[in-house]
Each structure stands twice: as C-alpha cells, then as structure tokens.
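To begin, one chain is listed below as structure tokens, in the form predicted on its own.
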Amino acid sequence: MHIKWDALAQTAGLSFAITVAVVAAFALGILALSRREAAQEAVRSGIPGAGSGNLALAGAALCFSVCASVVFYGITLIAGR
C-alpha cells in the first residue's frame, strides 16, 4: 500500500481553509444581525440619523446563504448524487 502524502496534505489543507471560511462567514452573519438589532434599537430610541439596519440584514442573509450552500454541496458530495 502506497500513501500519497502530497495529496493527503493538499486535501487536509483545503478542508481546513474551507472550514475557516465557513466559520468566518457564519460569524460575520451573526455580527450583521447584531448590528441590525442595534440599529433598530437606535431607531426606537429616537436617535437622529440611525438607519433601519436593512443593509445589515441583507449582509447576514448573504453570509448565511453562503454557509448553507457550502453545507449543501458537501452533503451532495457525500451522498454521491
């Protein structure tokens, strides 16, 4: 039996990079939701110039859709469609 160490290292490195990217996207989505809630609280408090947080909501939706698409792609690879 011959192990291709180079291919194993490439696979491990790519898996690590994708995992870090998905975790970062999820964390950015949570941060965007937090910013949206803070903006809505500022609007309720009557602070002038406070935005509604719609842009933050769009960013959160984008981040979570990226996470969901990566997870869905991984499941289709495992299931072998």
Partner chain sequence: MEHITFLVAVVIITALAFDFTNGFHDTANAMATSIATGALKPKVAVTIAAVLNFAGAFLSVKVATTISGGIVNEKAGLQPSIIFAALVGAILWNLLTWLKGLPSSSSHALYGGLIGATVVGVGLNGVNFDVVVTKILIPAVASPLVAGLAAWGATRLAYLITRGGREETTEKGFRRGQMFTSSLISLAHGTNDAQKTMGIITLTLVSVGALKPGALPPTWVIVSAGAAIALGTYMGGWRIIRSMGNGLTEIRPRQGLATETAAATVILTSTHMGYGLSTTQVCSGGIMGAGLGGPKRELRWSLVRRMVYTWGLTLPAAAAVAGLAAFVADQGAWGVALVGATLVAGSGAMWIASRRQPVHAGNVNDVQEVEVPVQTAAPTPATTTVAA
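Numbering follows the first chain given and starts at 1. All values derive from a computational prediction rather than experimental measurement.
The form predicted in complex with the partner chain is left out here; the points below concern that form.
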_Exercise: residue 28 in contact with the partner chain in the predicted bound form, heavy atom 4.5 Å_ = yes
*Proximity of residue 38 to the partner chain in the predicted bound form, heavy atoms at 4.5 Å*: yes
*asked:* Considering non-hydrogen atoms and a 4.5 Å limit, does the partner chain approach residue 18 in the predicted bound form?
replied: yes
*residue 10: heavy atom within 4.5 Å of the partner chain in the predicted bound form?*
yes
